[in-house]
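Following this are structure 1 and structure 2, which are two forms of one protein chain, each written alone as structure tokens.
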Structure 1
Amino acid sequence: MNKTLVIYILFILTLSYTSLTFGMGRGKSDFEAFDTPNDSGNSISLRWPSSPDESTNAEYIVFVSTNKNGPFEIEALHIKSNDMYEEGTDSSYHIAHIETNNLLITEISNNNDNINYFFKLVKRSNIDSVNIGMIESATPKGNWFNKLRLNNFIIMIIFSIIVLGCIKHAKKVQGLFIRKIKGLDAIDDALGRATEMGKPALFVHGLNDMDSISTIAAINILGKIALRVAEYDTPLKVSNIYPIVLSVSQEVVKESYLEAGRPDAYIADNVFLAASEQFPYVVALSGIMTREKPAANFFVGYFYAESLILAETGAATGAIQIAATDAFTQLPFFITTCDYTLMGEELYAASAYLSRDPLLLGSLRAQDITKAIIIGVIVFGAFLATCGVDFITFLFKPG
């Protein structure tokens, strides 16, 4: 079964590789016009072989018309002759992508569908002007699949199957092993300390809006923290920078208090919009930390330059600090100033880890399996690259 799966994966990846490598290959010919592949249907590509006497003094001009017999008066392209070489052809070919929406042809400006465009290539130097290619035509067409992203698509499908498969497996098997994450285990200690001291806990959202997955992950963690806080009867302050995140946070915290059987303890003003800009947000939160001295600070989400200012201020007030971020540029600052830091993927594992829901834990297993596969591919690819075979590079080429 496993053998069949491995062969199947290799087969489709090879298919993707051959598509990427050879799909775009075109034979040597004169001037040619063709529909730009993998686009929305508003572009035509022009390709022609270069000549030995190209220089900055000579120019290529491409004229366009919707009629085969012309007149060819509208310039679609005007470049120096030693410009726009096709990548990977050692300057043997020129290539240009013409946006048909930008062509100033009045009769076709409103309807771009099924129009055949005719192009005429002219090379002009200080001395003369020469037609160097035949007139070529092409019709732009929208594509329903970007073949350059085929490898990405296949990897996405494989990973999705692994995730869903592990989740299905997790339903049957109880007590899946997952490694301990100290930062998440410390949440209870931090909240316990806040309860003992009679001080609030502060949850700080990162600077990304609700369309960011890291913000959604932060919301998931907030729900779990709010549940514990409601049980401990400790005030929880949640700062936000975006109104949508504010609304979702209010709802999540409210539901958590309801779930804990303490709807009366929920205070709407404790989930608030601190500011709507980066540094005013920092100032507002620094003020709260300095005045109210929360016993526990949670920095969860995607952070930018404000991370160190926030975490250093929190450290100065003596709070237990737990950070969780996938912003790798800010990780050193959090590691330096916080007691515990959840790095990168641990932010996304937190919800499953805290809830211990078997379905969510299944996805953690899938993440580990995928990482193992990627490590295997990297080692195998490094070995092949050392031997001079670089096809794995093409498999992971971004489209």
Structure 2
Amino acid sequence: MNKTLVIYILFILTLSYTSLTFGMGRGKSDFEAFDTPNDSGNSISLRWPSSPDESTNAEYIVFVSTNKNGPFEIEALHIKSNDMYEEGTDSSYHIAHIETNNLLITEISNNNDNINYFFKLVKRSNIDSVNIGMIESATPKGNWFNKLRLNNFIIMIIFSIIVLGCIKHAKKVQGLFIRKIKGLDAIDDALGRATEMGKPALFVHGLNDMDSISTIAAINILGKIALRVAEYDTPLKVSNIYPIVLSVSQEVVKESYLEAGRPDAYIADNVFLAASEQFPYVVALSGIMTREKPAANFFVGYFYAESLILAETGAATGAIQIAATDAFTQLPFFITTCDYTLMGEELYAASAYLSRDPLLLGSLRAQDITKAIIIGVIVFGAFLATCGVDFITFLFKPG
């Protein structure tokens, strides 16, 4: 099964590379116009051989018309003669892609389908010398599949197979290994300390809205913290800067209290909108930390310039502080002022780490395997490129 899958993948990679390679070159030597391959049907490509007397003083002009007999008065292209050479032809051919939507032909502006465009190539070496070129025609047509992005499609299939395989493995194997993250292990200690001191814990959202992946990860962590807080019977205050994040946080905390069997302990006012702007948000939270002196502060999400002010204020009150952010510019401030800091992808791994859900664990393991594969391919590709073999670069072309 595995050998068949590997052979199948290698066959597709070879086929895609071969198709891309053969698609780059065309055998004709005259001026030609043809439908641009792998597009949505709004482009025509022009290709013609270069001449020995090309220079910055000479120009190529391409006129367009919908009639073979003209008039050819509209310029579709105007370039220096030593510009726009075709890649991989050693400057022996020019190639240009004409967007038909941008052609100012009034009679077809409302209906651009199945129009046959005629192009006339002119080479002008100076004002007095004009060489009349050839006339070619083409009709733009849309393509269902972009072969230039076949590499992305193959990578997506391979990654999907790895994810499904890892999820299946995680469901079979109990206690799938994940490297210990000290910041997450310290959550119980921080909440235990808050319980012993009889003081609240403060959860601070970052400054991104609900469409940010770091905010989504913060919500997942909030749910686990709220569950522990409900079990310990410790007050939890959650600050927000966006109304949508506030609504989601309220529901998540409420659900956690319900899951812990203590819905009566949930206090809606403890999940609040502190402010709607950056520094008023900082001032409001600094006041809370100074007045109420929470025993544990959690800074989770994406932070900006306010990170050091918040963390420094919390450190001055003596609270245990745990930060988690993927804002790499703010990591130094959290590392120096907090007791534990989750850096970068540890923020995203926290949900799987805390919940031990096979679905999340399998996805996390698949991501690690995929990264290892990509690193291996890059190293192997660098070695091949050093040896003068660069075919593997097509894997990383965006298309």
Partner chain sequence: MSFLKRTVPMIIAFIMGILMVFQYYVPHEASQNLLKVVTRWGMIISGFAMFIGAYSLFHLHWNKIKLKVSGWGYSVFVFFGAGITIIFGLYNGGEFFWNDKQVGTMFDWLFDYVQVPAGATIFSILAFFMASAAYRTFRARNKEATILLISAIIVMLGRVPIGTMISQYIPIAADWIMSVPNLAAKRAILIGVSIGVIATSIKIIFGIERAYLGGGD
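Start at 1 and count along the sequence of structure 1; that gives the residue numbers used here. In this text, the rigid core denotes the largest set of C-alpha atoms whose superposition between the two forms falls within 1.5 Å. Just so it is clear, the model here is predicted, and its values are computed rather than measured.
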query	finding
Structure that is the form predicted together with its partner chain (1 or 2)	1
C-alpha of G70 off by 2 Å or more between structures 1 and 2 on rigid core	yes
Large Cα move at M343 between structures 1 and 2, threshold 2 Å, rigid core	no
Large Cα move at N208 between structures 1 and 2, threshold 2 Å, rigid core	no
Cα shift between structures 1 and 2 at L384, which is computed once both forms share a superposed rigid core (Å)	4.8
